[in-house]
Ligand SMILES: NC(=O)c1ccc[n+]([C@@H]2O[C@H](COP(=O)([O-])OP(=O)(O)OC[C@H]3O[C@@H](n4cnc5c(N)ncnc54)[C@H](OP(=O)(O)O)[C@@H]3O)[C@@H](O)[C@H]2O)c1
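Take a look at this single chain, the form predicted alone, given in structure tokens.
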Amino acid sequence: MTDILQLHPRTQLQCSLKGIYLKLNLHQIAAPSELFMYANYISSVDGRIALRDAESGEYMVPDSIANKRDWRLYQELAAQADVMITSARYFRQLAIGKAQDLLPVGTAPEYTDLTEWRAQQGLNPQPDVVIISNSLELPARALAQLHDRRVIVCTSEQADDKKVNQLKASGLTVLIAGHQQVEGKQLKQQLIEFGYRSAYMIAGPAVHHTLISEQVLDHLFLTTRLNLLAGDAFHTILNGNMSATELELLSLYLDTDISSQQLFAQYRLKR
């Protein structure tokens, strides 16, 4: 069904949802010995990407904006990644059954085309995972679910040596990429040295701020669900102070499906 309307670049063409991000070939953009890094969020019109869960105290993507059509594009972006960058918060949510899903690429039948596409492109069946954490509070039972890929923990020089050694003893790779906290430029260089060429960031606003403020993030994908959430305890896509960053709109689609009207935007961050 052609229920996606391309608004920019202006064509007024209708197309299918499936494939609108996969065709970007993000894994091939980086020059040799470079890394292409991109982020993705879904937000309400009033800027909420997460609300605080009263039971766990964690900030969660609300059911009122999460939807399968956006999740399909989330999976397409994951399919193009050598490595996914996330945070300890995701693993805490996974340990208590509150995470949206196990890190993609999904193994459900509707994502078979993505796993086949990765194989055709010569990519590993699953992207590797980098976890950014200063506290190193990582539930072992959640980490154990990622036995089918390399898991790297990235932390700072201030990390507790005992926790670092425990993680290494469990078979994880631990990288130091910053003094007080993980720094974006050091993180990028470490990933380049591992041979990665495409990195998909799905962490929260603090990590997003680190990557943007240090000018290592290249593209931002933002789904805007056409609803309003309000609420006082929430996260937006960015926090902290920094200089203004200009964006260039690369593509914009309107999802006209009545069950989940939303906008799919892709931006380039200007240096």
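All residue numbers are counted from 1 along the displayed sequence. This structure is a prediction, so every number in the text was calculated from the model and none was measured.
Only in words, not in the display: the form predicted together with the ligand, which the text now covers.
Novice: In the model of the complex, does Gln181 have a heavy atom within 4.5 Å of the ligand?
Specialist: Judged by the heavy-atom cut-off of 4.5 Å, Gln181 is in contact with the ligand in the model of the complex.
Novice: How about Arg89: is it within 4.5 Å of the ligand in the model of the complex, going by heavy atoms?
Specialist: The answer is yes: Arg89 has a heavy atom within 4.5 Å of the ligand.
Novice: Would you please decide whether Tyr38 lies within 4.5 angstroms of the ligand in the model of the complex, comparing each non-hydrogen atom pair?
Specialist: Tyr38 lies outside the contact set for the ligand.
Novice: Answer with yes or no whether Ile29 is in contact with the ligand in the model of the complex, where contact means some heavy atom within 4.5 Å.
Specialist: No, Ile29 stays farther than 4.5 Å from the ligand in the model of the complex.
Novice: Quick one: of Gln75, Thr115, Asn134, Gln190, which gets a non-hydrogen atom within 4.5 angstroms of the ligand in the model of the complex?
Specialist: That would be Asn134.
Novice: Choose one stretch from 240 to 248, 198 to 206, 30 to 38, 225 to 233: the one whose residues place a heavy atom within 4.5 angstroms of the ligand in the model of the complex.
Specialist: Going through the listed ranges, the match is 198 to 206.
Novice: Mind listing which residues of 20 to 54 have a heavy atom within 4.5 Å of the ligand in the model of the complex?
Specialist: Contacting residues: Asn40, Tyr41, Ile42, Ile49, Ala50.
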